[in-house]
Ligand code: BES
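Here's a solo chain for you in structure tokens, the form predicted on its own.
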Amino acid sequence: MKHSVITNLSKTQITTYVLPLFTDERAVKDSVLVDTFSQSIKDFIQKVAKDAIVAVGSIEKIILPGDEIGVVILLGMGEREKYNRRKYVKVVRALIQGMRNMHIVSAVLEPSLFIPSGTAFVESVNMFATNAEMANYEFVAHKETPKEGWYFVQELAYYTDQSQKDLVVTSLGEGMVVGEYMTHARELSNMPGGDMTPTVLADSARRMAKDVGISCLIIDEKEMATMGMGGILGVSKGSVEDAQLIVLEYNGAEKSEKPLVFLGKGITFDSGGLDLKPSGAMNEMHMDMAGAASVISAICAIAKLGLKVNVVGVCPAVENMPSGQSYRPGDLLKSMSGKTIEVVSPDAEGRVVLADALTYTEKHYDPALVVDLATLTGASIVALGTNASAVLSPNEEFSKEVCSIGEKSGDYMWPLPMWEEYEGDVKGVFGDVANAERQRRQAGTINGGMFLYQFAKSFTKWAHIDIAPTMTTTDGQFLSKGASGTGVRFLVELARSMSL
């Protein structure tokens, strides 16, 4: 989508105008866009506005009468006093979805009319571009193209005065980058498991890294064996597809600056292994690599934005499949750390591969902080529903920081406890660490985080984010069905907050 900035309405050929309308005001406020209309058209719009449905995200299309050429979109904003950042996000997405449904390919809007309270104008413009890109995406790679083609919004024109033009152009550009790389993450995650193998994911990461000029190292199974990565190799045994460890490095600051390290779970298909999932629970498991897709995409976005920070991404890409070669309940896997992992459930594979990724991070980097993203547990969905990801960290201050950045970025998160009382639940009987709770259905998400903590104790700032609740879009988000790209905005905003 093209995001253009205009300072003179007479020079644009776009004839669709977007006007915000609040429930408790029922009046179209004076604006530069409104001032372009004749008084009779203003009266006509005002009359329609009085009877329009203006709940958050509702859309009313008005075809201008008489000699006027054009369309006005009345965009419902809800109540003025309740209008905030979260509703702003929905309003922007609803606009794009509405335009697509009405086959409107371009529109002019005045961004200053949409700003939620407590948000700077430039930041709100950035958010507008990101969420517009998000709402303009749909996974159609495997669908037959309709005769009339797919309807996507092609251009949004933002009217502003000359004094703010440069700021708006910059802010829109940054928002577009984040939105575009969220689309990359969603596209990778939506690909069927038969097409998105560990090797394909690694090739995609290599190609994306090349596009933004950062390094990409792919470690194969032979090298993993030399390094002692028994966790990744153990999970991979049941599949005909070889595992890949993807390592991305972006250096935007001095070499002396400690890097931020992001880890992403990359299970390209999770059948549950010999602990086979029920068919209903297996349906979306091609998206079990959403953490890796988001980490890869976020680091490329950070590089494209040129943030002054060093960032590393470590993503183990593996298939978890049942076969005569699969790892079994009761097996003992020797991890890269030297700790043995007692396999209680082959379906708790994500934490097993991330254990080796954490140790790889410890041995190769001296990180300022470490964050892992993983669709780790269904228990997190039971705990939080689908509106927030779970955050687990022994560092409570860092946990609060993560949640705060999540709120700002739009990737909402909520903390769960990591008290030492839970640590006994991950102790193995025959090995050092057990990969699942023996008393099923008890503190499953905390158990997953506590397992990972056994391999992350050397990091002063480490957080595990269980993104299973937000892996896919849900009704009311004004986004197309499928992968959500969760975590990309958060990681970019985290890097921005650490940028020099």
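Residue numbers run from 1 along the displayed sequence. Predicted model only: the values in this text are computed from it and were never measured.
One more form of this protein, predicted together with the named molecule, exists but is not displayed; see below.
Residue contact check for Val177: none of its heavy atoms lie within 4.5 Å of the named molecule in the model of the complex. Under a 4.5 angstroms non-hydrogen atom cutoff, the named molecule in the model of the complex lacks Ser297 among its neighbouring residues. Contact check for Gly378: a non-hydrogen atom falls within 4.5 Å of the named molecule in the model of the complex. At a distance threshold of 4.5 angstroms between non-hydrogen atoms, Val108 is out of contact with the named molecule in the model of the complex. Heavy atoms within 4.5 Å of the named molecule in the model of the complex are found in one stretch of 392-400, 423-431, 157-165, 368-376, which is 368-376. Proximity to the named molecule in the model of the complex, defined as a heavy atom within 4.5 Å, holds among Glu257, Asp242, Glu187, Asp347 only for Asp347. Checking Ala456, Ile45, Met471, Ala463 for any heavy atom within 4.5 Å of the named molecule in the model of the complex turns up a single hit: Met471.
The partner is not shown here, but in the model of the complex the stretch 398-437 reaches within 4.5 angstroms of the named molecule through a heavy atom at Ala436 alone.
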